[in-house]
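Each of the two blocks below gives one form of the same protein chain as structure tokens; they are labelled structure 1 and structure 2.
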Structure 1
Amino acid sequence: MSMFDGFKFRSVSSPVHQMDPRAKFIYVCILFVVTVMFSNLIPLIILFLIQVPFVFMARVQKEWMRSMKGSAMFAVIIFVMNLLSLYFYTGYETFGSILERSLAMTVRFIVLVQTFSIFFLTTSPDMLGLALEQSHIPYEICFAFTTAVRFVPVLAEEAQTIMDAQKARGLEMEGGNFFKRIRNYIPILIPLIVNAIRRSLELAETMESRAWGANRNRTNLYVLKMRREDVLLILISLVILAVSIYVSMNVQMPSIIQLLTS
């Protein structure tokens, strides 16, 4: 569950934390589009390296490393599945090109995890909901989104607690074949689902007791305002998008194998 630790907000005094959530959301959306746009290894590595300074500026290196370690298993699965599918079902000539293509798909996944990890580590759910509300999104949708963001790390911690409790009672989770391991997770999923339903009922009762939705004209204590740093981040994101579109349409990106052989 260490991967979910990299998506839980950390209250740190840093320039990235103080940025407007709307500017960071635009940055995340543009990076997502650019990452999906490329399938070559070199631009994906560049996108990964571009975001490393943001991690140090936000001072969330430990939490970011946890998300990277937690996503390592999924990255290995993506690499192996792409390697096998490209080897048996496509017409690539050399094994080196198959290997590079599989690495590119793996790095793409890592870049996406890195991008969203930086966003959620540095953006408070309250500020995110306020940003969505000031963007004229209905409050019901804002509340549902921020509640989901809040409860994902909570459910991850609860799942880890249930796993530890079941292991202490003698549940074997590592041994056996693939299907047996899946069956071993049933004693974890059932109490986790029951606790999630219980939490949702408690949340619904709390909302009713506080007359949620009775007043349509809501007021907020804070008002978000764009600063120069936020505008600069948006401009940098747009420049990255424009350069990426130009490169993908007009530049033939070489592969690493071509660079090594040349």
Structure 2
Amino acid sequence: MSMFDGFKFRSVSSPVHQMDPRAKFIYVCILFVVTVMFSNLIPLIILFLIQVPFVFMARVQKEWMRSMKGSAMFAVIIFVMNLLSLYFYTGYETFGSILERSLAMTVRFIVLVQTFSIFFLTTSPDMLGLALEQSHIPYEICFAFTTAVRFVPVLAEEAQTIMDAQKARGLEMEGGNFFKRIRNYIPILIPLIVNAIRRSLELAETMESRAWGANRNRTNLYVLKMRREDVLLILISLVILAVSIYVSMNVQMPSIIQLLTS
């Protein structure tokens, strides 16, 4: 559970929370592209570091730490897998460069987690829905999206109850080999999925009985407006994108190993 807390909206008043969700969304998209663009350690570390002030500005350090800690296990797995596969399949590289490339992949993962963590920690599901809607995306899709987000905690709670109910019937979740563990999830996933489907059908019926979709031209109580800070964030994001494209095309990125040994 604690890992998810790193991605759950935290209602704090901070400049980052007040930003237009659309501006933040552009920022996330650009950071995503840039992160995937680089596979060298140095630019990825820089991408990690430039986002840290953002976390403190948003005052979500504690929750951010959670997402970082929660992803540590995956990070270790990614590191080991990369190390092993690079070692066995690309025999010509030195161990130093293999190490650095594995580290780079790990840092890339961490930067992605960090970016999404900041976005979801500071943007409420309602704001997200609003942003989608005012970007002229059909209301049906926006509604489906916000509903899905809103039902995540409900599903998590339900999964816990189902797990309890099956444990009460003697299901042992721990132990056993890999396949047995996978099989143990069947008695949990089936009721969870069946209930989710049943609930969505019920939701559809109740919505229709309250005339959902009767009026094509919806208006919103809150109207999003880009302010100077939002434009600034978009500009910064675009600059990051431009610089990254330039660097990756024209600069031969030195590796840390090279810097150290030269």
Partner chain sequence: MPIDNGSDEQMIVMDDVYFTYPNGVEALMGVNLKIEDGEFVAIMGQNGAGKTTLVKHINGLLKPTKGRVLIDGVETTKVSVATLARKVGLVFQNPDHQLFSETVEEEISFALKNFGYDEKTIKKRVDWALNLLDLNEYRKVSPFMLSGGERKRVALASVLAWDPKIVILDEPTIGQDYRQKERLRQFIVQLNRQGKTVIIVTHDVEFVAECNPTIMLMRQGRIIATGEAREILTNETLVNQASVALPEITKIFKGLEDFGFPRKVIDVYEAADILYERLGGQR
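The structure presented is a predicted model; accordingly, all values stated were derived computationally and were not measured. For the two forms, the rigid core is made up of the largest set of C-alpha atoms that agree within 1.5 Å on superposition. Here, residue number means position along structure 1's sequence, counting from 1.
The form predicted in complex with its partner chain appears here as structure 2. Once the rigid core is overlaid between structures 1 and 2, residue 33 does not reach a Cα shift of 2 Å, moving by less than that. With the core held fixed between structures 1 and 2, residue 201 has its Cα displaced by at least 2 Å. In the core-superposed comparison between structures 1 and 2, the C-alpha atom of residue 131 has shifted by less than 2 angstroms.
Overlaying the rigid core between structures 1 and 2 leaves the Cα of residue 151 displaced by 3.3 angstrom.
For residue 161, the displacement of the CA atom between structures 1 and 2, after superposition on the rigid core, amounts to 7.1 Å.
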